[in-house]
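Read the single chain below, which is given as structure tokens and is the form predicted on its own.
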Amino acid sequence: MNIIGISINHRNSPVELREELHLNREEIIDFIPKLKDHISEGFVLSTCNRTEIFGAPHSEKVDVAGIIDGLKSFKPVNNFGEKNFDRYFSCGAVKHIFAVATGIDSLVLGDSQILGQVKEAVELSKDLDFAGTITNRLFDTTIKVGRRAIKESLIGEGAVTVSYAAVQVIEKIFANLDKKHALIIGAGETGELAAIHLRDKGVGLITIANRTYEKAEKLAEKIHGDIIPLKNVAEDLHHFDIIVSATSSNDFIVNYDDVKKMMRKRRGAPVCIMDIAIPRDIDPKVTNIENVFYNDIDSLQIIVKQNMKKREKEIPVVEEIIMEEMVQYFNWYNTLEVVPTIKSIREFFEDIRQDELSKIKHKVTEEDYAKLENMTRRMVGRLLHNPTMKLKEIAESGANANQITTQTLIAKELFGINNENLRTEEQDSNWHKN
């Protein structure tokens, strides 16, 4: 199989380099026409943790260096060399694509977002006419593998990020989130993830407080939430049932007295506080206040580690799914080489059948000719049934490429078929002599 893959990922490149090499949708659209000089069909996947190029080259000679140089020219970066990308070929390329789609190759094991990102990359490739017979089947199988991993394993179960662990704890405290009001203090990556998870869980209203107003405004727009100034947080705490804090402050943003005052205004109504900042944003002594459910990053990390161990146990299950689908994919791929041979053999015999029928067409009645035509068609079908089925069996048995090529060459040789799928006059003459 002539499929290649080039991967810049969290294992071989630091985050700074991955960020520089990241391609957004518009950049991928501009890059694929340049990639077509080296690859006839394929796709480009670019996320926060990886930029990958996969496809079928125009010829057996794979110009990996040309692809890398093309990427360097398109996204000029410093200190990008051989050590910063992995190469995959044939089976290795297919296996890696499947591993990515299932999340077992992700920085966060069992990443739930990666399958959707793969789907987007596939759809874009199709839209840009960068998909073909080989990759279309590969695309379909990749999506199937990702879905099977979700359905047949627990690889995506349980929180493995602190933000999501916080949301899962909140769900256990409050049965109905749709009537709750949440405050997110900090609009950085961790705070944003917490806000998105809460939105996805159906929290009634989310308010953002951040030192930089523009950043708070951007996140609030993304989750359809509200904004309050960070300086007003202490006075407005009593309005919120859920408080998630994730800033980079060196001092407490919310102290013990702030929470004590808040609970008096709430008349003891329960509040859930998740402090996922390092160092902590909220005085941990608030855990001693009645009806305050407080967790800091250490307690949430325990949940994350437990869930990560559970996911790690699922890796063999996912790898078995990958192997099953690889076998089916390569069985299909192997048939691609025998199909033209089978077609050539059938066309070869059909030409002979038509040639012989033409010689007697005007020597028999129309009724007798129709009978002869049906009889010869059935005869050719029966003669070719066993050779056809045998070639298909060899292809689908998992035989290696050399074995399949040998068998197809033998079949062509036996029936006198040349590589251009046409009979020469010499072959036709020899056939009639025999």
Partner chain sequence: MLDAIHGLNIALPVMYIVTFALYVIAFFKDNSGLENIKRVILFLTCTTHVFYLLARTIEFNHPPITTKFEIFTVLAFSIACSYFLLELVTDNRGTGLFILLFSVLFQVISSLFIQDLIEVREVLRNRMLGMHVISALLGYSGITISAVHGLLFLILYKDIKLNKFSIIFNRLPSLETLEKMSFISLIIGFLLLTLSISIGIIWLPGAFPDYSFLDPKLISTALVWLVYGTGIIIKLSGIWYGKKVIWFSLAGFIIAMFSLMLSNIFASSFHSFY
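In this text, rigid core is short for the largest set of C-alphas that superpose within 1.5 Å between two forms. Keep in mind that this is a model prediction, so the values were computed, not measured. Positions refer to the first chain, counted from 1.
Another form, the form predicted in complex with its partner chain, is not on view; read the next lines as being about it.
Q: Quick check on R267: any heavy atom within 4.5 Å of its partner chain in the predicted complex?
A: Yes.
Q: Look up in the predicted complex whether K201 has a non-hydrogen atom within 4.5 angstroms of its partner chain, and give yes or no.
A: No, no contact at 4.5 Å.
Q: I'd like to check something about R148: if you look in the predicted complex, is any of its heavy atoms closer than or equal to 4.5 Å to a heavy atom of its partner chain?
A: Taking the distances in the predicted complex, the answer for R148 is no, it never comes within 4.5 Å of its partner chain.
Q: Heavy atoms within 4.5 Å of its partner chain in the predicted complex: does I227 have any?
A: Outside the cut-off, so no.
Q: For the three residues K172, K180 and S299, which mark the spot I'm curious about, does each lie within 4.5 Å of its partner chain in the predicted complex through at least one heavy atom?
A: Yes, each of K172, K180 and S299 comes within 4.5 Å of its partner chain in the predicted complex.
Q: Counting any non-hydrogen atom inside 4.5 Å, which residue from T287, Q113, T212, S248 sits next to its partner chain in the predicted complex?
A: Result of the distance check: T287.
Q: Given that its partner chain is left out here, which of T133, T335, Q354, Q306 has a heavy atom within 4.5 Å of it in the predicted complex?
A: Looking at T133, T335, Q354, Q306 one by one, just Q306 meets the 4.5 Å heavy-atom criterion.
Q: Heavy atoms, 4.5 Å, its partner chain in the predicted complex: which of 323-331, 355-363, 306-314, 102-110 makes the cut? Say which one.
A: Checking each option against the 4.5 Å cut-off leaves 306-314.
Q: Using the core for the fit, does the CA position of P270 change by 2 Å or more between this form and the one not shown?
A: Passes the 2 Å threshold, so yes.
Q: Does superposing the core leave V259 with a CA shift of 2 Å or more between this form and the one not shown?
A: For V259, whose C-alpha is compared between this form and the one not shown after core superposition, the shift is 2 Å or more.
Q: Would you tell me if D241 moves between this form and the one not shown by 2 Å or more at its C-alpha, with the rigid core held superposed?
A: Passes the 2 Å threshold, so yes.
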